[in-house]
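Take a look at this one chain, the form predicted on its own, written out in C-alpha cells.
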C-alpha cells in the first residue's frame, strides 16, 4: 500500500455528485432523523437517571428501554447512516469516477433503516437481547448485515476502480470500516445470539464487540472524514504524513484488544484485562500521530467560511478524540479503575469519545460535503453557528456532569456506611447537569436538521427551475 499526500484542491462538481447524490442525501436525511430521535431519548433517560418518577407511567419508556433505544438510534441510526454516506462520497471523489451501484446503495439504505426501526420496536416491546451495543432482536440482525453489504458495494467499487494507484489516508480508513463492521457484527451475532457462548466468555465477547465497534468502526468513520477535509480546507500539506500509515495499522491491529479494560476487577482471567491495559498504552502513538497529522485543523482559513466551520467541528472532535485516548490509558491503571470502575465515569468516557470525538468530526465532514452535494451553500450561517456553539457547550457539560457523578459515586462506594440512597442524593446535582447537556445538544441538532432541510430543499427547487428554463 502506497501513500500519497493529498493537496488542497477541492472540486465543487464531480461525477460523484451527479451519480450518487440521491442515495447519499437519503442516508444523510435518515441519519439526522435518527439523531433527533436519539437526542430526545437521551434527554428522557438523563432525567430518569436522577428523577426516576419521570415518565414512570409509560412502560415503553422505562429507563432500561430508553437507554437501549437511545443507544440503538444513535449507533445504528445516526452514526451508521451518516458515516456510510460520507465515506462513500469521499471514496467516490478520491476514486475519480462516477459512483457505481448507486441503486444498490439506495435500496440498502431503505432496508437498513427499516431494520433499525423494526429493532427499535422490538426493544420497546421487550424483545431486546440485553447485550451492550447489540440490543436489536436477533431475527432482525441478518437483515442489517445484508443491507450494510448493499450500501457498502458503492464504496468498495469506488475504491477498486480508482483512477490513481496511490491511496490516501482517508481511503485507508474508509475501506477498512466497510470490511471490518460485517466481520465484528457477524462474529457477535454468532457468539452472542445464534450460538451463544456461556459464562465468563459471554462477558469477554460482549466487551470485545462493544470496544471493536468503537475502535474498528466509529473511529475510522470519523478519521476518514477528517483526513479528507482538513488538507482541502487549510490548503496545507499534512505534516508527518509518512507516519499516518503507522497510525492506521496501530488502530487496526491494537484497537480490538483494548476491550478487556472494562473487565478489570470482574470474574475473568487476570491476563485478559492485563492485555487490554497494555494495548491501551500501545495505542497512544496512534493518537499522537493523528494529532500531528491533523494539527492543521486548529488553524482556520478565514477566506472560506464554510471550510472554517468544518474545521471548527473537526478541531473540537480531534481534541476530544485524543483526550479520550489518553483517558482510556489512565483509567486502565488498576488503582484508578478500582476507584471509578462501574460508575458514571464510564459513561463520561463513552460520551467524550463517541459524541465529542466521532460525532463532532462527522458534523465537520457533513458541513463540508453537503454544499457540494446540494449544489449550494448552507441555507443559514446563523443556524450553523448556533449548532456549533450549542454542540460544544452541550458536550462539555455532558462530560463534566457524568464524570463528576462518576467520581462522587466511586468515592461513596469505597466508603463504608454510605447507603445507596445517600449516593443517589450526592450524584443528583451532577446528573442534573447531564440533563441540561442533553437538552442543549438536542436543541443544537434541531438547528442542524432545519438547516439541512432548507439547504437540500432550496437545492432541489433550484435544480427544478433550471430544468424548466432549459
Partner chain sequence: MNDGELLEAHEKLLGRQPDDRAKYRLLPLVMLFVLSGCVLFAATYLNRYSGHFDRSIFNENLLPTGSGPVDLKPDPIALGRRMFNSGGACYSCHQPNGQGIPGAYPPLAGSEWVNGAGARVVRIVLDGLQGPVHVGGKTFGAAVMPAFGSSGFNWSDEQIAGVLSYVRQEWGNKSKPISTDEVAKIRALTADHKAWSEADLLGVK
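Positions refer to the first chain, counted from 1. The shown structure was predicted, so the numbers you read here are calculated from the model rather than taken from an experiment.
One more form of this protein, predicted together with the partner chain, exists but is not displayed; see below.
For the partner chain in the predicted bound form, the listed stretch (315-323, 207-215, 171-179, 130-138) containing residues with heavy atoms inside 4.5 Å is 171-179. Between the partner chain and the residues 145, 400, 275, 184, the one pair within 4.5 Å by heavy atoms in the predicted bound form involves 275. With the partner omitted here, the residue from 160, 114, 237, 338 that has a non-hydrogen atom within 4.5 angstroms of the partner chain in the predicted bound form is 237. Not displayed here, the partner chain is kept clear of residue 262 by more than 4.5 Å at the level of heavy atoms in the predicted bound form. Contact annotation for residue 14: at least one heavy atom lies within 4.5 Å of the partner chain in the predicted bound form. With a 4.5 Å cutoff on heavy atoms, residue 100 does not count as touching the partner chain in the predicted bound form; it lies far away. Heavy atoms of residue 231 reach within 4.5 Å of the partner chain in the predicted bound form, making it an interface residue. Contacts of stretch 249-282 with the partner chain in the predicted bound form, defined by any heavy atom lying within 4.5 Å, are made by 267, 268, 269, 270, 271, 274, 275, 277, 278, 281, 282, listed in sequence order.
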